[in-house]
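Before any questions on how it binds or moves, here is one chain, the form predicted alone, in structure tokens.
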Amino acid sequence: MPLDASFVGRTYPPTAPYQVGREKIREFATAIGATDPAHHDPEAAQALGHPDVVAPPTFPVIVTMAASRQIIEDPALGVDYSRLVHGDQRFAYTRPVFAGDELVCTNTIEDVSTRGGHGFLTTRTDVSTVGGEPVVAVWARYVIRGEA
């Protein structure tokens, strides 16, 4: 089933809050080899003027991947998850993510197209604090492989 192009511009309700934990940031930083002390040591982060440890730039993928389920699992859109491949991702920051942040995501479908028998889906996830402060916008492009 092809993707439904009428979904372009659709925005989904905000997700439940995600509490960013200090240990989660440390674990993520360790997993990706980010050794900057500001990712691990609160005192090092505070010496740089931050309230707590700072998440590496790709950390929001933890929050946005979970939030993208709203889109991927929307049966009316027509995404066959077994054929989905992550194609691209980019981040535009307003400010860094810190331990202690409570983040919510709002997903919007920006583009739906078909090329060469494959579906392409571009989403934007606006990540903000529960108080409404913008943190980062994350764009993702998914390829839904066509039938062989």
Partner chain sequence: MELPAQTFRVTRADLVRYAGASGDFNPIHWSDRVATSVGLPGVIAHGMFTMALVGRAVTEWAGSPDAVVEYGVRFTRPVVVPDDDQGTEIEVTARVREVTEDGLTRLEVTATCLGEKVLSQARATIRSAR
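Numbering follows the first chain given and starts at 1. The structure presented is a predicted model; accordingly, all values stated were derived computationally and were not measured.
The discussion below concerns the form predicted together with its partner chain, not included here.
Student: Every residue in 2, 10 and 73 with a non-hydrogen atom within 4.5 Å of its partner chain in the predicted complex?
Tutor: Not a single listed residue reaches its partner chain in the predicted complex, so no.
Student: Name the residue from 38, 99, 109, 79 that puts a heavy atom within 4.5 Å of its partner chain in the predicted complex.
Tutor: Flagged contact: 38.
Student: Answer yes if any heavy atom of residue 114 is within 4.5 Å of a heavy atom of its partner chain in the predicted complex; otherwise answer no.
Tutor: The answer is no: residue 114 has no heavy atom within 4.5 Å of its partner chain.
Student: Should residue 46 be counted as a contact of its partner chain in the predicted complex, where contact means heavy atoms within 4.5 Å?
Tutor: Outside the cut-off, so no.
Student: With the cut-off set at 4.5 Å between non-hydrogen atoms, does residue 67 touch its partner chain in the predicted complex?
Tutor: No.
Student: Is residue 87 near its partner chain? Define near as a heavy atom within 4.5 Å, in the predicted complex.
Tutor: Although its partner chain is absent here, residue 87 would touch it in the predicted complex, with heavy atoms inside 4.5 Å.
Student: In the predicted complex, which residues of 39 to 66 put a heavy atom within 4.5 Å of its partner chain?
Tutor: Going through 39 to 66 in order - heavy atoms within 4.5 Å of its partner chain in the predicted complex - the hits are 39, 48, 50, 54, 57, 58, 61, 62, 65.
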